[in-house]
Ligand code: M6R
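Shown below, as structure tokens, is a lone chain in the form predicted alone; questions about how it binds or moves come after it.
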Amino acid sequence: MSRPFERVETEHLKAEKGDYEHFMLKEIFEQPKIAKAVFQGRVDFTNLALNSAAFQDLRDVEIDRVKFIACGTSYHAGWAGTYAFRELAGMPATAEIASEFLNAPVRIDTKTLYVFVSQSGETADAIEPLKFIKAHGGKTFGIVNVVGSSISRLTDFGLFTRAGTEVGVASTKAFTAQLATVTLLALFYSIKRGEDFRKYRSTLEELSKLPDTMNKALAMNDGLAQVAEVFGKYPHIFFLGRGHMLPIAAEAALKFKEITYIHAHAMPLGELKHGTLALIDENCPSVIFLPDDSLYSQNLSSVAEIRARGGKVLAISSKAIGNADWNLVIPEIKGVSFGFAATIVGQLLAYHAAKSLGREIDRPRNLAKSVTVK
């Protein structure tokens, strides 16, 4: 069967490193610009309004819960989205790893919005569940970066993340673009369901300052190299957080293991004492995400618990933690913005540790940028 040819202009897809040593570092520093792109034309910060056509399409669709389906970094973005939906929209929300979705009997709920998050839009592990859900009458929403990709065409509704070409295999700017897009979707349902307008307004106010917030995190780049080199010498590292910091910790651990080849394990900070604390000693440090929020005192208690067992602690926080061995302080950042800033610090930590080890940062071994096979 013959198919018509379609001319695709590729000039805008060409990527250059410029003055950066690696594409990954360049893409980390592009994140403030990408945040602006995500919001452009979709958010009226002056009038606190969301204007995307995708939201207009959803206004008359009856939805009472959300399920994110994704893989790897995109799964972490969806996982973070569950916290945004529960807090902002008051909606039940869960996240599932796409490759596991069909490994048990599945009943499709017509009042659930199934949100597929993918950088390429061609993730094979996600496309099969997507086709299954559509065949059984489910409503689907795509959050992807590539126009015309399979997931963008198959889903009923969607938003593009506008992250641009990402060359580094270890995703950076695509992840924060996904986080921002997921947050906008949660804000839409916050308004649609008549939830607390004060939370809606304060979150939009934070997002309006997101490029500046990201720049504050990027300003820590030069000072990160020394502590990152130390972490590149450990064989095992824990990445720990509570609440909405847990998916951020998981993404930081993934970045670290992807490009340093060091075993990095993420888990809930409160779960550490239920067995895993047995692994804590001077040779197994912990990276802990400690925003100044309602969980702050619990987090401080966990730091003390780790230190009492001889463990070392790197605190990524909005203020210095007195009993931590190392502090990476992002000053005056609270709320949803802290997750974005902490993500960037985690990316830079992984980058500098990998660089100190002489790793191939942009193309780590055994990995592909787009996973199009099962």
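Computed from a prediction, not measured in an experiment: that's the story for all the values here. Residue numbers here begin at 1 and follow the sequence given.
One more form of this protein, predicted in complex with the ligand, exists but is not displayed; see below.
Honest question, do T73, A170 and K255 all end up within 4.5 Å of the ligand in the predicted bound form by heavy atom distance?
Spot residues vs the ligand: full contact, yes.
Considering S120, T82, S99, T112, which brings a non-hydrogen atom within 4.5 Å of the ligand in the predicted bound form?
Checking each option against the ligand in the predicted bound form, the one that comes within 4.5 Å is S120.
For the interface check, one of 344-352, 324-332, 64-72, 34-42 should have non-hydrogen atoms within 4.5 Å of the ligand in the predicted bound form; which one?
Comparing against the ligand in the predicted bound form, the contact stretch is 64-72.
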